[in-house]
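Coming up is one lone chain in structure tokens, specifically the form predicted on its own.
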């Protein structure tokens, strides 16, 4: 289980302290599939980075399967099965896709294992295993390769930050298929930050985060109508302001 209590993250700027996370309390059951959503700047990515150790909270605690993560290094968290997929994955000139999968797995992989990992994310092994992870890869290709490395690590807690960002529709379809298979296996807890309805609709639970706080939690059937309703109201408000401006 992932257990987060009173998690806080603040930054000091120009003599002022701004709270990015303001008392997050969250329990996520083992092998649960949760999608985190909410407006930009609401604290979703900061929450994910605090879990992975990419940002250190200024208060509160994070526990994963009985292990306190709050002050552990990224490496120590990875050894406990926590893995992270970036919204903008890094590039590594001189390192091949095969090298990256080997490092992520912590061992040499068989050719069939390499093929299976890349197939899961919609890539053909013979076209990609020996390619360098550099600027020759598109954003979508890079994203799928990174997800394959998370899968290679056999993580028990997988965190993905907007995996749909920068990829084409065909790639997105393959990714949703991959996430569906991961969910159905029920052998890892998965946290995905996303705004995409197709990913949101796959969730066991949708968590809404805004202004550094949890503002909603429930099933897709409970939360999606709420999100749609808020969007419609916001768009109507914008239309009303535009019409008012036109009359002046």
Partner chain sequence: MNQIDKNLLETVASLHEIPEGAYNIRKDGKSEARNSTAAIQITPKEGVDGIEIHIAPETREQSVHIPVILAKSGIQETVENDFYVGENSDVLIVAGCGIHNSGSDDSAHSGVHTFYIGKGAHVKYVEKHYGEGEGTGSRIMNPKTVVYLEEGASMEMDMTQIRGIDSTNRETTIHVGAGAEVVLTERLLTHGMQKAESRVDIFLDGADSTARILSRSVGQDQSEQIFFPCMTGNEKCFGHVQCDSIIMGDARISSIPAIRANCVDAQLIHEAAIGKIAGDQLLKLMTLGLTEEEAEEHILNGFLK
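In this text the structure is predicted, and so the values were computed from the model without any measurement. Positions refer to the first chain, counted from 1.
FYI, the form predicted in complex with the partner chain isn't displayed, but the following is about it.
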Picking from 121-129, 88-96, 108-116, 169-177, which part of the chain touches the partner chain in the model of the complex when contact means heavy atoms within 4.5 Å?
88-96
If you check in the model of the complex, is residue 136 within 4.5 Å of the partner chain, heavy atoms only?
no
In the model of the complex, does residue 52 have a heavy atom within 4.5 Å of the partner chain?
yes
At 4.5 Å between heavy atoms, is residue 72 in contact with the partner chain in the model of the complex?
no
Is residue 146 one of the residues lying within 4.5 Å of the partner chain in the model of the complex, judged by heavy atom distances?
yes
Check all three, 79, 83 and 104, heavy atom within 4.5 Å of the partner chain in the model of the complex:
yes
